[in-house]
Every structure is written in C-alpha cells, then in structure tokens.
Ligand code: HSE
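First comes one chain, alone, set out as structure tokens in the form predicted alone.
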C-alpha cells in the first residue's frame, strides 16, 4: 500500500514514522509548503502530483483548518483514493459533502483521530451503533481545558497562570481560543453526534460557553460545596429531538469525570441495551493521534470501505425541553434575581431553567456553569 501525507507537522511526523514500520506500506509523498531536505524526492508542493499518481492508495490529511484541506481531500476522494484525516474542523464543517463524495467514489473516509486523539472513540461508537440505539453521549473531549481546570482545582491557582503553564508544556496553542472558548470541543461533539444518531447538525446550532472567565475564587467555592468543574460536551435523544451543549459543568466530587487528570479525555455513550460505556486516554499528542491515523490505514488495507455511519439526516438542535440549574457569577446580580434559588461563593445558583433561556442571558454573566443533577 502506498500513502501520501498532507502535512508534516507534529502528527504528520508521527504518522510518517509509524507507517514505515508496517510491512507492505510505503510513504510515497509528503505534501507541505515548507522544505524538509531529509524527505528528498518524497516532498512535493502540489496536490496534483498525488491525485494524478494511480499508485497512491491512501491520502492521510493532517494539515488542519478547512482551506485548502477541503479542496485537497475532495480532489483525493474524486480521484478514487481512500482518505484518513485527523482534522476535526474539516469533518465538522464539510460532513455532508465529504461523506457523500466517499460514497459516490466507493472509497473509505476515516477520521478516528479527529475526536479523542489516541482514544478509539469513533470506531467504538461505530460498532455500538451497528447493534444498538445510542441514547446519549457525554464527556471531556479537550485536554487543554481539562488540564487548566484540574490544576486550578488541585493547586488553587488563577486561570491566566495555569493557561501560560499549559502553553509552555505544549498543551495549549499560542492562541488558545479554540480550546478555552469551546470551539474545538463543539466540532468533536458535532462529529460524534452525527455518527451516534445518524444525523447531520451544524456547529452554530449548539450553544457553547467556555472557561475564560473562571477564577480561583469560583473554584474554591465549588470545592467547599463538594463540586468539581469540568468542560463537558453532551448530546441526547429527547422528546423534542436532539439536544446538545458544550459548557462548564459542576459535578459531584465522586463523578468519574471529576477524577480525570491533567490533559486526559473521558468520553462515554449510553446505549438502549448496552448501557453506559466509557473511554479514557490521551486526547492529543504526536503518537497517540498518529496511532489512530495509522490504525485507520490498516483498517483500509484490511478492506474497510465505509464511513462510520450510513445516514446523515439534517437535524436542528432542540434544547427547549432541557432544564438545568446553573451557577452564575453575573455582572449585574439583579439580572438573575427572578431565577435565583441559592447563593454559592460569589455567585448564585438558579432554579432549573430551559437551556436556551440561560444562553439568552449569557452576555450578562462573567462566568456560568451547569450543575449536573445525579
């Protein structure tokens, strides 16, 4: 089998090393705009070289972003080449287009590394969907925010200092917006929900809040109340349809997610018959992420020719029937006087209110987090 790699960064370098360790595999090309003398003639700068070579079986995309990644991946699929990608932004934004192209051209499209890094989350979800109805999915899908919240909880430090430390350790990007404001997590939730329920939803339909405004004082109040804050992505089948949110959530100290340390992930689904099954591991990193890309390549070599789901019914998120209590630290406390139920630290806890109502008031908050009712 011959592979072409799009991108030679952290993950691309890992895939290059690992693929060459497998007998019968050859990395024929590496496409990158930068120069890498050690790659010799394997390095190319045009996608045309790859799509026009009939000997290339699999294209592995690890460039990130949506442009030119979409154009390159679409060209590969149209040329009859299998595609493996770790690019969550690409799959979330072009889910319908790319899955349709793969079906039309009779090739595989696999993206296991796009959600959960090295965790076999999407492949496990695929297997579960083949024998059961998935009722809900939930969990920690971002190592950066989990690291920040975990260290703040254990060491009592302020957000800014812990974020800086995460950047120094390579857990957070120089621009951490996608992580701390929830964009990265929301893309992963879109992909997971689409596969779990056989639907197609839009990123912008899922309400999202992040941890940018959290303080050490908030954390201290949560700890005193026996609560732990984590960023939780969740979706579920409801009477109204599919509900979904990405938001900080206060969990009882004994909840499994509350014990997830540092930059780890924990994601679970609930099946109608299977019940709850959870997956824990490294959500990012060169070799964990590369391992899932290579595993996808090996599955294709073994004959895998499908995506994870065969349906993509256009669906609108409906959160009207989801009621939650929220911890709120507001710019103007009077703005929440009508829903306040009790005090907690510098904020209040609301009575159970519809999720859309909370997000309609979000601009009046310095920070808010849902309370999980056990």
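Positions refer to the first chain, counted from 1. On a predicted model such as this, the values are computed, not experimentally measured, just so you know.
Unshown form predicted together with the ligand; subsequent notes refer to it.
Note that among 95 to 103, 168 to 176, 189 to 197, 290 to 298, the stretch whose heavy atoms approach the ligand to within 4.5 Å in the predicted bound form is 168 to 176.
Annotated contacts: 88, 142 and 283 all touch the ligand in the predicted bound form [non-hydrogen atom within 4.5 angstroms]. The ligand is not drawn, but in the predicted bound form it has a heavy atom within 4.5 Å of residue 184. Using a 4.5 Å cut-off on any heavy atom, none of the residues of 1 to 32 reaches the ligand in the predicted bound form.
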